[in-house]
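First, one chain by itself: the form predicted alone, in structure tokens.
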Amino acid sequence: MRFQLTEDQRALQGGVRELLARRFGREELRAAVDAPGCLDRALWRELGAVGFFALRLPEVQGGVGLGLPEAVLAFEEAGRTLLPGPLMATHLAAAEVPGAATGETVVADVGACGLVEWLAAADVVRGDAAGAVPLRSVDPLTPLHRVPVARGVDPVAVLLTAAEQLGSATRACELAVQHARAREQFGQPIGGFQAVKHLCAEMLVRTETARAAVYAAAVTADPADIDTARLLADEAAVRGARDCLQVHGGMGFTWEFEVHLHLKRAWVRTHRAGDATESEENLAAELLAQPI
């Protein structure tokens, strides 16, 4: 099996990054934080127009006709930019819900933990949302509701969540390195200090380990590989954001910086599509089933 990106996959990844940089840059991110719960419908339709939601939909059904590896690359870029909205739910509903593939319909999904993201902004809800209770979300870019009845875990949802975590971990590593190079203390960049070097190096190792696992799982689609990718990506995103805050010091916790937003989104994602405990139990069962 080949786990290296093809030229077409790199072009897809670059195209999504370019689109999001143009349509959801720093100013748009701050505006979204200041208006929690407000979904940019124009951006949603633009994502639909470029095929974000229809990437895995067959061409005969009006989709792009690509596979899970390409979807993972697109969701990695979405995680990198903290793109808000029920992206995964709408993507997964592209073949079933009219208008989801084109971005005309916003879809929310009842998760395996009984959580629903962006319920109030959705046109269609997959699953039973009766009795939904609003929660105070730690992430200002992810409004949450809890419902009494949860849905089963979709392995594709687990993998796409891991892809978003990978994108967030990548961005946190970039922010830490940029700050370590620019910030000076005692007449030299703080990146020259051993403690900061170690933090950045550990962030990079966790991120690239998670990247290898996520990309491999996208190719194999094996449940055990997906659970492994999820655990590694969760760790890379959460610990990476924490270490990035450590590199920034007190200024990293201020509202104007995006570092704390990556940590908060990473926390929320750890409860989407099941949680780490479920993935750990799946892997334990897989190991126990192996012959000695």
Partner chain sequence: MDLTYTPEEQEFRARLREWLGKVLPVLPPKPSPDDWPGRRAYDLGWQRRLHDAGYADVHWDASPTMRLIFLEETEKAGAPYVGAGFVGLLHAGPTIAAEGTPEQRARWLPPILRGEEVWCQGFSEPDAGSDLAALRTRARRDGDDYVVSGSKIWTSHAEVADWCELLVRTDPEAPKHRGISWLAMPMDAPGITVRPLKTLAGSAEFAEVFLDEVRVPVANRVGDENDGWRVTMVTLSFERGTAFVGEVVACRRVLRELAGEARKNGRWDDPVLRRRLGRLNAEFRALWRLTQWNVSEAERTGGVPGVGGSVFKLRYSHARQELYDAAADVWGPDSLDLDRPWVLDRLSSLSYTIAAGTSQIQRNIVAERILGLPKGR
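Positions refer to the first chain, counted from 1. Owing to the predicted nature of the structure, the values given are computational and were not obtained by experimental measurement.
What comes next is about the form predicted together with its partner chain, which does not appear here.
Engineer: Name the single residue among 92, 119, 115, 177 that comes within 4.5 Å of its partner chain in the predicted bound form, judging by heavy atoms.
Structural biologist: Only one option qualifies, and that one is 177.
Engineer: Can you pick the one in 127, 140, 191, 99 that has a heavy atom within 4.5 Å of its partner chain in the predicted bound form?
Structural biologist: In short, 191.
Engineer: Heavy atoms within 4.5 Å of its partner chain in the predicted bound form: which stretch among 230 to 238, 57 to 65, 31 to 39, 253 to 261?
Structural biologist: In the other structure, the partner sits against 230 to 238.
Engineer: Does any part of residue 205 reach within 4.5 Å of its partner chain in the predicted bound form? Heavy atoms only, please.
Structural biologist: Looking in the predicted bound form, residue contacts with its partner chain include residue 205, since a heavy atom lies within 4.5 Å.
Engineer: Taking 4.5 angstroms as the cut-off for heavy atoms, does residue 281 touch its partner chain in the predicted bound form?
Structural biologist: Although its partner chain is absent here, residue 281 would touch it in the predicted bound form, with heavy atoms inside 4.5 Å.
Engineer: Though only this chain appears here, would residue 225 touch its partner chain in the predicted bound form if you measure heavy atom gaps against 4.5 Å?
Structural biologist: Judged by the heavy-atom cut-off of 4.5 Å, residue 225 is in contact with its partner chain in the predicted bound form.
Engineer: Is the gap between residue 209 and its partner chain in the predicted bound form 4.5 Å or less for some heavy atom pair?
Structural biologist: Answer yes; at least one heavy atom of residue 209 falls within 4.5 Å of its partner chain in the predicted bound form.
Engineer: Residue by residue through 10 to 33, tell me which have a non-hydrogen atom within 4.5 angstroms of its partner chain in the predicted bound form.
Structural biologist: Going through 10 to 33 in order - heavy atoms within 4.5 Å of its partner chain in the predicted bound form - there is one hit, 10.
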